[in-house]
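One chain follows as structure tokens, the form predicted alone.
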Amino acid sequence: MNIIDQKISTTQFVSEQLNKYAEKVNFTPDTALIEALHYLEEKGIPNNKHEDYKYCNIEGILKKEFKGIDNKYTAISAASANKYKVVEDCINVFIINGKFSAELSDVSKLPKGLTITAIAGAEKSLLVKHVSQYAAANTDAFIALNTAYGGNGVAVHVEEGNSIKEAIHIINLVSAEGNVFSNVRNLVVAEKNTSLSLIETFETIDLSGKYFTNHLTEVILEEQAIMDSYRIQNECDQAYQVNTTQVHQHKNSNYTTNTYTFNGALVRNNLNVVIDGQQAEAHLNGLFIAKGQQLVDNHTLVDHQQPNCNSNELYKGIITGKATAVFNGKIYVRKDAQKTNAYQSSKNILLSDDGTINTKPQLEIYADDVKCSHGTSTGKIDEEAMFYLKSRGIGEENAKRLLMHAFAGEVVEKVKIESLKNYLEELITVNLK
């Protein structure tokens, strides 16, 4: 089937293809499913006429690049998958071609208080309590699309009072023939007085067509839960990804997330954090290197609903070639969220005249006793620093790379896992060549 030949809407085309190929995974509440389908029928897939997708015309991309969808995946062997275990001393969890793989994952002997299963196999009480309770299908087309056609991703559950010392590494791998489209759904629940570290990496092994993944994760941090999160996006130039993370924080919880984007034709990150308990903290950090014809679009929302809470946000971008980058960060402080401290910073370096960066930091404040600020900067490489390095005998290209590494270093230094930090340094070196 072809969108143009059939003269149908993009939404109808995608829905029909997903109905044809996608496995039915029964974990979404019926009310959410109906709401999702109604939203898609009414709103459709966003294009550049939608304010939130002004620079990210996904409908246009689907019409141009996905005139057909085959969903013919190819098997990935254990030997091939194991090459992507890039972090030492962690619990490796594989999502292969959009599905959780228990066979390849380290789930047979988990630490006390930790459960990792396919989301469809999670405890029913956990699913009823949390799935679609935070990522509302009537707020965004890709949440709706995932709700309607969500695939069998992973559920991570940490029971009350347990601290998981080993990091959990979710490795997303894709190998396919022709064009494929998947909706991966994850759930992370950290109960009271718990802590965990979660790493997500995204890679493609062998892709002869194009791959679109619509990834959705709901994260629930109950009272005094602590979570460190790392996301490394390093797919190929035939991969398109929309990645939505919906976080709900309770009293005294602490959430830190770090997003590193290197490759992919289009990468759109929707990161939404709701702070719904006093004395909670959220820290959002990001680094992206956009090159060639890439489009990297980061949208963040921190919603302060309760008083006496803190949030900090730092995103840095390096743009070269004809790449386009977007940062849209919004801090929302509700009327009752007094004594809020919220800070946001977006810093970018343009290495070419053809690259584009669109930044839009926003504050929407309805409380009167707060400390909130935002700032953004975009410029070229510091000429004085370049002159200094070159005067010390360092060649121009090497001097440029040194300055770029230093610029990125502020975000990389936030990584608490040494082997992951080393891996990120390698990726930065490769992507700055």
Partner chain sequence: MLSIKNLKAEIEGKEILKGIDLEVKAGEVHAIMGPNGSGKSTLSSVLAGREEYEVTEGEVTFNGKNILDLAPEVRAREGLFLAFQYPVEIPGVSNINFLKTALNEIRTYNGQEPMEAKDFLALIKEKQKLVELDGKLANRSVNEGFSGGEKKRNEIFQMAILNPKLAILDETDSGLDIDALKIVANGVNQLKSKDNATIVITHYQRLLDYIVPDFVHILYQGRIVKSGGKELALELEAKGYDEIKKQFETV
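Numbering follows the first chain given and starts at 1. These numbers were taken from a predicted model, which means no experiment stands behind them.
Beyond what is shown, the protein has a form predicted together with the partner chain; the following relates to that form.
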- Note on the structure: Answer key: of Asn398, Ser373, Asn48, Thr378, within 4.5 Å of the partner chain in the predicted complex (heavy atoms) is Asn398
- Item | Full three-residue contact with the partner chain in the predicted complex, heavy atom 4.5 Å, for Ala385, Arg392 and Leu402 | yes
- Of the listed stretches (59-67, 363-371, 402-410, 36-44), which one has a non-hydrogen atom within 4.5 Å of the partner chain in the predicted complex? 402-410
